[in-house]
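For reference, the chain that follows is the form predicted alone, supplied as C-alpha cells.
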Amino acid sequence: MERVLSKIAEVTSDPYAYVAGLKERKNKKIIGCFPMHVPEEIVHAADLIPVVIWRGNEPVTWGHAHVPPYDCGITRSFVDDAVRGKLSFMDGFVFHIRQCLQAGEFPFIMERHFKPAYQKILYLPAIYPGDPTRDFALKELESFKTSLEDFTGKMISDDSLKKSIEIYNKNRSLMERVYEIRRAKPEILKAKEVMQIVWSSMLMPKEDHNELLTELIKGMEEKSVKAQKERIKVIPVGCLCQTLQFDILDLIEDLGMIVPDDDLYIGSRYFANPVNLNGNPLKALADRYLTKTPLCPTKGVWDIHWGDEAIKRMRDNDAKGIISVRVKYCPPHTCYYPDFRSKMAEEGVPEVMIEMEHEIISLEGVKTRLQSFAETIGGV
C-alpha cells in the first residue's frame, strides 16, 4: 500500500511535470479534456493520451487579463496556465461547453493566445425525455470521433473503441472496489489519499493506473485496521469539476470526523456507471452520458432530486451528516443549492455548506463552521 500511495502522491503533487514526462515516455500526444463529461475512451482509442484538466497550483496572475475574477477557480486557473505557457506540453483540448457558461470562453481564448494543434468543442445535450436527445448526443460523439481521426490521420475502429472502453471499465471496477473496502474500513485511507487516488486516474494512462489499483486493493484487503468509534461519519457532497483542497479534507478529520464515502466529482462521481458494451460502442458511450444518476446540475435533470441521492448515500454509510462543498462562482451548483438545502431541512438531515475558492488565504472561517457542525452532530 505504501509504495502505491507514494507513487500516487508523486503524480498528483506536480501534475505538470508528470504529464509532460508522460508525453516523452509514451511518445504519444496529450489531449486535455475539460471536466466533467468528455468521453475519454474515444481519445484513448485514437492512440492519444487523455488527461482531465486540473485546477492549477498557483494564484491566478495573467489569467485575469482574459477572464473575469468572478469565474470559478478551475476556469481562471486553466486560462492562467494556458496563457503563461504552463500547458505547452498539451497537443490539444476538448471542451464540453454546454455544461458551463464559463467554459464557453475557452475556445476563443485558446485560439487567440495558445493555438493548440487540436481543439474540439463538444456540445452534449441536457437530458430530456425522448429519442431526439439521444440522437443529438450520438451525433456529437460521432463528430468528436471524426475530428480525432482527422487530427491523427487514423481511423478509430469499433474494435479499438471497445478495447478502450474495456480498459476504462476495468478502472471503474477497481475504483469501486477501493471504495467498497473504504466503506467497510473507513480508517484505512485518509480522505486526502482517496482524492489523490481518483485524481491520479485522471492523469495516468488507465492501463498503468489499473496496475497500481490492483496492487493497492490487495494491500487494502490484507490490512486490518482498528475502528475508531468516536469518529463521526460524514459525507462530502458537491465540488463539481475540481479538486477539493487537501487542507480542508485534513481539517474534517482533525475535527473528529471521518469520510467513509463521498459524492464528489474527483471522487465517486468520476468512475460511476460502467459503459454497457452491447452493440455500437458510440451508442454505449452516449447511453452512459444520458444516465441520470449520479445527478449532475449541469445535465438539466428535473425528475430526480440530488438531495434524495445524498441522503441515501449518507444513510447507507450510517453517517450522521452531509458537508456540502460549493465552489465559489459555480452557477450550476449555486443555483441548485437552495433546493438541496430545503430537502435537508425537510428530512431533518444535518448539513453544513462550506465554500471554497482557488486562492485560500485563511481556513479559519471554514474551521469554525466545521467545528460547530461536528459538535452539533456529535450529540445526535
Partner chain sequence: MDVKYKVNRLQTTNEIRPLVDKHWADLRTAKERGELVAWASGPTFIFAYAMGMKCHFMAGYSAYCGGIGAGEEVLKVAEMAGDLPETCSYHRLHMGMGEAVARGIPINPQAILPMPDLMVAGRLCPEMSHYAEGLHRRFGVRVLPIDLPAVANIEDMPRVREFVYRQFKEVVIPTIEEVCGKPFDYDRMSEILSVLKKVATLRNQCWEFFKDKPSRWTLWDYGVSIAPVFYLMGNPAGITYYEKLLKELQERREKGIPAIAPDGEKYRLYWDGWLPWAFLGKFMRKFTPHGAVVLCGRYPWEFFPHPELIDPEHPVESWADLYYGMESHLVYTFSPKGTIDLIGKLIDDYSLDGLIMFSSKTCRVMNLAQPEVIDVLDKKYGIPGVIIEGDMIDSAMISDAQIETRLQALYEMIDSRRR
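None of the values given here were measured: they were computed from a predicted structure. Residue numbers count along the first chain shown, from 1.
The discussion below concerns the form predicted together with its partner chain, not included here.
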Point to revise | Partner-facing stretch of 192-200, 299-307, 173-181, 156-164, counted where any non-hydrogen atom is within 4.5 angstroms of its partner chain in the predicted complex | key: 299-307
**Study point:** Proximity of Phe246 to its partner chain in the predicted complex, heavy atoms at 4.5 Å
**Key:** no
Check your understanding: Hey, in the predicted complex, is Asp80 touching its partner chain, heavy atoms inside 4.5 Å?
Key -> no
Point to revise | Partner proximity in the predicted complex: Pro350 to its partner chain, non-hydrogen atom cutoff 4.5 Å | key: no
Practice item. Consider Arg315 of the chain shown here, and say whether it contacts its partner chain in the predicted complex, taking contact as heavy atoms within 4.5 Å. Key: no
Study note, to complete from the structure: Heavy atom within 4.5 Å of its partner chain in the predicted complex, from candidates Ile188, Ala284, Ile121, Leu255, belongs to Ile121
Practice item. State the residue from Asp150, Glu230, Glu222, Asp131 whose non-hydrogen atoms include one within 4.5 Å of its partner chain in the predicted complex. Key: Asp131
**Study point:** Residues of stretch 21-38 in contact with its partner chain in the predicted complex (4.5 Å, non-hydrogen atom)
**Key:** none
